[in-house]
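A single chain comes next, written as structure tokens; it is the form predicted on its own.
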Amino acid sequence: MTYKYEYFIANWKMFGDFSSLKIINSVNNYINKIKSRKNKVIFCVPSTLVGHFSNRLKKSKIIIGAQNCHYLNEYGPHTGSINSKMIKSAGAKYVILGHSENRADGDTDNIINNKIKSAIKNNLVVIFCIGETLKQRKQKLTNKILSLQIDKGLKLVKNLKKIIISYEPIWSIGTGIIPAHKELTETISFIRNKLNKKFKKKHSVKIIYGGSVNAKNVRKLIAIQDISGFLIGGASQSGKKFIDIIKNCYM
């Protein structure tokens, strides 16, 4: 048995309360049975849960992350906002940035770039989401869009050790539809080549896939070379569904 699939990252979105810890505990009980040192299971939960869950899971294999942060590194007059310094202090080790839902709410490439730089400064691992819309895909603009998102999002970022790239085609999120094998293989290869060219050397940065990942289609996704894991949305809100995804990667 090989353990190519290093990252299983849950994006809970606007879901969960203190009682939802039982979902994570059920996943933790399962991964304790997996004999893999490389396997990383990360739950990116709402900011209201980061501190509580981090404290309760100190002795577990589960890592807690956040779903977003403010672009300013210092404190300031931004009511309701939470910056990377604050989520780090609460116990988060990872943060999702550039998600299409946040982009739709106003996050520009410049804002995302500042968020990434702030997160790295505060020693957080960034899960950097990139992806194209259905219209852009039909116009064969996928590579152009991804290239721009990488260039602008990673502007002046020199160290990729704290970056995980998550390719999330926007048209796939929540639809149950995933890219065809050939299409996804070519896109992941493009992303890898783009990173190598931009940073003028080969990097071992991890590339994961997100977008309607479930226990059934993950069997198709694991056939794609150079994917190191998955960003999982709705299915991660169920312990059983999340566990089934992990199981099906290793069967």
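In this text, all values refer to a predicted model and were calculated from it rather than measured experimentally. Throughout, we count residues from 1 along the sequence that is shown.
Absent from the display: the form predicted together with a small molecule. The rest refers to it.
Undergrad: Counting non-hydrogen atoms within 4.5 angstroms of the small molecule in the predicted complex, say which of Leu146, Ile163, Val95, Ile173 makes the cut.
TA: Residue within 4.5 Å of the partner: Ile173.
Undergrad: If we take heavy atoms and a 4.5 Å cut-off, which stretch out of 25 to 33, 59 to 67, 46 to 54, 210 to 218 is in contact with the small molecule in the predicted complex?
TA: Looking at the other structure, the answer is 210 to 218.
Undergrad: Would Glu101 count as a contact of the small molecule in the predicted complex, using a 4.5 angstroms cut-off between non-hydrogen atoms?
TA: Contact check for Glu101: yes, within 4.5 Å of the small molecule in the predicted complex.
Undergrad: How about Lys241: is it within 4.5 Å of the small molecule in the predicted complex, going by heavy atoms?
TA: Outside the cut-off, so no.
Undergrad: Gly16 near the small molecule in the predicted complex, any heavy atom under 4.5 Å?
TA: Gly16: no contact with the small molecule in the predicted complex.
Undergrad: Answer for Gly229 alone: is it within 4.5 Å of the small molecule in the predicted complex, judged on heavy atom distances?
TA: Heavy-atom contact with the small molecule at 4.5 Å: absent for Gly229.
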